[in-house]
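Let's start with one chain on its own, the form predicted alone, as structure tokens.
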């Protein structure tokens, strides 16, 4: 009997596609289990979306982007280029199906389901980051700082009342504060912001890129392999992929984890699955000499603008822009963050500011996809975390390890199944790509 085409690999070998924070955390978790692992990405670890996020580790972020009443906001999303959520009109024919699903996910009953799923996924995030960063020799990167969300007045605060009710319902510690408490917590915040909430049990990572690099280095130091090449597709056998097709040629595979962020839908499509994934493009402005000091992430909630104190300066980040992977960045959105930042922190300086844009992988219901593909059970999906990728990464890695080690997962994976988008088992085409 002929050997299978991937016989050169041990049966328990795992190939992880994607070296962002989710892929690196997953590869690290699998090596911790003693599995042989290869991590593949065209870029160095942490150089994609993970490089420029706001740094918040937010187990309390249990509200989806689409909340009840979102339909009334859609016209603004389409026409206001500087809205906190903007859908580009160019390419709307491609994003319209996603937008319809986005609006449908805002039904109150569905929002409740999504919120419960996010809460169980993210609850262990701080504890797990504390353990992992200690293991890799970078415990100082994680800080339990709490988080401030601020509003100009009670009327602005009331617009987000549903979000805060949802967080309280999930057991998130939420403290209403006024101007006096704001001044005590963050004296640099300007008079414009008179009320808000303080979340004492949230944390932050002072340098997300360095955190990913530290985890990747520990993974490699334990014997994990890192390959720098672009994954273009698969050669499929009757039960799943037998080879990756890469920019460096064909590579045999046994088991595969797809953690390729905003590019993941293109890969699962070759395995018979369709997911309505869009790039939720996020911008940041890094201010190396900001001229003000804050001690924790502070959010101008009316503008959805995060200000986070990091190694190397203050980072202004946030907002959502739905556009294609190929669309050129609109760095006016990054500059608009400075406008919002100055209203939040009047003494802010943009001297030597650096702009950045990254592609968050966004599904319309704000839930990631985690679990085996119905057409190829040797392939595990781990993508679509949107703006919560940093928060959910280490727990996601643990869950993938549970799946591949045949343990009951610590979280109910049903809400994260790719089957929620209509994917069902069917014969996998046997062909090269």
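Residue numbers count along the first chain shown, from 1. Small disclaimer: the values here were computed from a predicted structure and weren't measured.
From this point on, the text means the form predicted in complex with a small molecule, which you will not see here.
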Quick one: of 263, 193, 77, 157, which gets a non-hydrogen atom within 4.5 angstroms of the small molecule in the model of the complex? 263
Would you confirm whether the three residues 253, 377 and 418 all fall within 4.5 Å of the small molecule in the model of the complex, going by non-hydrogen atoms? no
Which of 27 to 35, 401 to 409, 386 to 394, 363 to 371 lies within 4.5 Å of the small molecule in the model of the complex, heavy atoms considered? The stretch 386 to 394
At 4.5 Å between heavy atoms, is residue 356 in contact with the small molecule in the model of the complex? yes
Does any part of residue 283 reach within 4.5 Å of the small molecule in the model of the complex? Heavy atoms only, please. yes
Taking the shortest heavy atom distance, is residue 64 within 4.5 Å of the small molecule in the model of the complex? no
Residue 230 near the small molecule in the model of the complex, any heavy atom under 4.5 Å? yes
